[in-house]
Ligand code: HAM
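The chain below stands alone and is given as structure tokens, in the form predicted alone.
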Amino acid sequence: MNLSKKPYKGCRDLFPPEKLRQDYLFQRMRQTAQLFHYQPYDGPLLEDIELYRAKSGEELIGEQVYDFIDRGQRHVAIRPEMTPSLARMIAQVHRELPKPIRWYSIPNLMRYERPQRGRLREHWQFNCDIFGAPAGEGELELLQLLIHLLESFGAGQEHFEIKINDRRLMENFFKQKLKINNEQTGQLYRFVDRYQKITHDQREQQLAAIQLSEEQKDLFNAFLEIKNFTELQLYFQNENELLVDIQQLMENLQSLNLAQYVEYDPFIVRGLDYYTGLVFEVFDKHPENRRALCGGGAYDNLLALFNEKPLNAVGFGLGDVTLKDFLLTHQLLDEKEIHKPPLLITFQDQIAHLYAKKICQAFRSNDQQCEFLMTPIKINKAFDYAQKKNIHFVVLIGQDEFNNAQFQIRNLEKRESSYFQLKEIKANLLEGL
């Protein structure tokens, strides 16, 4: 039997160049989370399927979860998202921890989806969540954190935008304006979430299945015509109490000079059932990659699954695939930062073997990445090897260098050489060569 060399559909083999790029993204994610004093956590790859059945929604359970019966006859699932596991963990410890609780993770997730640009079956996701923050403060901080992360790559207003909505506002519209029942409300949430991804005929068919009256359809379609926060205020001008939270958020963003990134959008509802308040998605503005990069929102009632009282909670998830595509599309990936210049240590005579190792050890002690060639090599062959490995700096140690207790660094791009002694090795020695 001939086994395929390809990975499972929707998964990736991360060869060294791609893994270096992913690690660079992870490093930026961790640095940003830690700047806001979020603490790392992780959870199990497998969970009881009831954890997802209870709050994630039937679409996720019925169509996207990888689930099976284990040898102990337990029905388990490979985690498709992190929030239910996080809520389970927070439920164990939140009473003992000072509030707010700020946690982050970069878990590996699996969903059975149709692989396409920006969406695979396996991916990693940067999650940041805050529990127990004063009303509105957690939402504001997470938007700040997201903007800071994207700005750290050089992205600005011309590259991305954040669209927001409020599930409480939508809930009021569905129940008070449309006067529909809970089943229809759930159907409309799912319909709005998919609205811009389906055809006109599919919209008509799905809307008909919800069984709205003509008057309800007209009200609903008029609401979907709202294009920004100003129009939202006009729509609810006699019901200002519904806009207090979202208006306060916009004012705070304005004070922080971040409002230019954020706009109201009635189509942002988020597909998962556990969201209870503000919801948001980050969108790429580039016409070749016009898609959501990230999404999140408030989910105050998720701890009720574990017989705990509601606790203010807000979180987001940013996938490594969508972030990478965004940065590549806008040419914002700093390849020099990803591939910091390594150093190739070579020796031309066996007598210099241990001396070359000492030099290599000294460089590594100064945080310089080094590759050590373990056998003697001629200079020209050392250069050929370095070029194949995309290494631009080569240490050459021949008989003369060994006798004089020095070494030569050759810059292959500039075709220049510099000489140093062992005691001169320091951090960033390659800069300027």
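Numbering starts at 1 and follows the sequence shown. The structure displayed is predicted, hence computed values, not measured ones.
Beyond what is shown, the protein has a form predicted together with the named molecule; the following relates to that form.
Contact residue in the model of the complex, from Phe363, Tyr189, Tyr261, Phe316 (heavy atom within 4.5 Å of the named molecule)
By the 4.5 Å criterion, the partner-contacting residue is Phe316.
Can you pick the one in Glu251, Asp218, Glu113, Glu171 that has a heavy atom within 4.5 Å of the named molecule in the model of the complex?
Answer to the contact question: Glu113.
Going by heavy atoms within 4.5 Å, which of 178-186, 205-213, 329-337, 114-122 lines up against the named molecule in the model of the complex?
After filtering at 4.5 Å, what remains is 114-122.
Give a yes or no on whether every one of Ile359, Tyr385 and Gln406 sits within 4.5 angstroms of the named molecule in the model of the complex by heavy atom.
The answer is no: none of the three residues contacts the partner (heavy atom, 4.5 Å cut-off).
Hey, in the model of the complex, is Arg270 touching the named molecule, heavy atoms inside 4.5 Å?
Contact check for Arg270: yes, within 4.5 Å of the named molecule in the model of the complex.
State yes or no: in the model of the complex, is some non-hydrogen atom of Ala292 no more than 4.5 angstroms from a non-hydrogen atom of the named molecule?
So Ala292 counts as contacting the named molecule.
How about Val321: is it within 4.5 Å of the named molecule in the model of the complex, going by heavy atoms?
Because a heavy atom of Val321 falls inside 4.5 Å of the named molecule in the model of the complex, the answer is yes.
Is there a non-hydrogen atom of Gly277 within 4.5 angstroms of a non-hydrogen atom of the named molecule in the model of the complex?
Residue-level check for Gly277: no, no contact with the named molecule.
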